[in-house]
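Taking the form predicted on its own, here's one chain by itself in structure tokens.
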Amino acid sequence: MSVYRDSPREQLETACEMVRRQGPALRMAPARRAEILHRAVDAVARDESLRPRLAAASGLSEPMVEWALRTTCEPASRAAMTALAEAPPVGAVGDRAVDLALVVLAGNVFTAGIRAVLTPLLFGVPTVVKASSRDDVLVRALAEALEPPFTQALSILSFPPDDGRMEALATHADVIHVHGGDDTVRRIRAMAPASSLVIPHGHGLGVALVFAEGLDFAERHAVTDRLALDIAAYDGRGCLSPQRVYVVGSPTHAIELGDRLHHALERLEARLPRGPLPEAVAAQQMQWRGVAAATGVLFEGRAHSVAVEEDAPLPGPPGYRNVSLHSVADEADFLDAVRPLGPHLKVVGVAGHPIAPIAVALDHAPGLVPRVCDVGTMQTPPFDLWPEALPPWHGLFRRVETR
């Protein structure tokens, strides 16, 4: 493992070339790669000394960090990693892994780097990571836990996002996975050579869809508790965080759910407290809550708020466990509401209705490719998730055609 902090531009080519040369060493049985990588994940999950460092870097509370590590590392089991490593339909003469992958990480969800970094390595692709300059603690810990031959097949780079070295870095990779805002994706796509495949994982958000009349009394409380966890996870700052909840039913159903959700978030605060609120977000939160109270119904807690919208939709909430609810007449009304989100809609959590019909309806809506799941699992995707409906190995293999 090579770690460069504030690397001078001239070191980038050397770092990339050193990593690229490790490709032949990674040509082993997929199950063997999974075994070695899983040991690194397990080491990170068991390292108690990481908790306070991750809390300080991410701005989350230590209980939230503990929850995030556990729910991210548990799906990355040895069995799950082996199954994924053996999944790509390759094997013909000429099939091989590409020479070098570049992974550009964002800094809003500290655990996102685990799956993003492990995936190319799992398929035998040497990898260079441009970590967030604000939060690279976990990805560096993962790199330090690796064993040979992966120790030299991964390089971690950390420098400010406006640093000109990114252009030099982008020219070396065969495939570039970009996690970040739309501006970051556009900038790196413009830097990359025509021969490099750029796979964007741009800004995103989640929504929940609750069929109020499909829930009996006991289910209403269970669903509300699960939805509260989706909202609270990562303090509502991630691409899978639900910012809006659509309630199929009357405005009264939405108000009733909002009341229950308010109390569920209050209870959850005792177990998974919110981290410190940045000053800029505090100002946004105050303004958003003021508008919500003036135009609808606002349930306000110590570290959360639930706004039930009436006719005029509110601006998007500022995250940090602020969420809005809106009643819709039916599935068609819901689809009309979320269609403008396009590829930014990453996940839809459903309660009170079978998932399959909702997934089919979303699949037939142009431009929408969200994951559809049960409420309560929005922030804990499976390890073999197909992001943006693309297989995890997309861009990591090439074939020499002889036909």
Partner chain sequence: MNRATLHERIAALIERSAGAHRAAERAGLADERDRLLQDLATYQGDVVAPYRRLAGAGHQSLFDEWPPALPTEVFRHVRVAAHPPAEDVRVFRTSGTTTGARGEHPFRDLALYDLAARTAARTLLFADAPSEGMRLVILAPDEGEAPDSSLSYMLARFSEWFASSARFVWPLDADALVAALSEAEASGEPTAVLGTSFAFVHAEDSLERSFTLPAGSLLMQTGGFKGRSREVAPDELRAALTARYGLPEHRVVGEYGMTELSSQLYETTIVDPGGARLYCPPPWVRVTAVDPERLEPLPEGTRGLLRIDDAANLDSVACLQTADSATVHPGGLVELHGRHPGALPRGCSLAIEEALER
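Since the structure is predicted, the reported quantities are computational estimates derived from the model, not experimental observations. Residue numbers count along the first chain shown, from 1.
Another form, the form predicted in complex with its partner chain, is not on view; read the next lines as being about it.
Can you check 219-227, 105-113, 137-145, 122-130 and let me know which stretch has heavy atoms within 4.5 Å of its partner chain in the model of the complex?
Among the candidates, contact is made by 105-113.
Report whether the minimum heavy atom distance between H344 and its partner chain in the model of the complex is within 4.5 Å.
So H344 counts as contacting its partner chain.
Does its partner chain get within 4.5 angstroms of any non-hydrogen atom of F211 in the model of the complex?
Residue-level check for F211: no, no contact with its partner chain.
Answer for Q287 alone: is it within 4.5 Å of its partner chain in the model of the complex, judged on heavy atom distances?
Taking the distances in the model of the complex, the answer for Q287 is yes, it comes within 4.5 Å of its partner chain.
So in the model of the complex, does F150 come within 4.5 Å of its partner chain, heavy atom to heavy atom?
Judged by the heavy-atom cut-off of 4.5 Å, F150 is well away from its partner chain in the model of the complex.
Its partner chain isn't shown here, but in the model of the complex which of L277, A168, A87, L197 has a heavy atom within 4.5 Å of it?
Checked against the cut-off, the match is L277.
Among the candidate residues D174, D259, E266, E310, which is the single one with a non-hydrogen atom no more than 4.5 Å from its partner chain in the model of the complex?
Selected option: E310.
From first to last in sequence, which residues of 220-257 have any non-hydrogen atom within 4.5 angstroms of its partner chain in the model of the complex?
Those in contact are G236, R237, G238, C239, Q243, R244.
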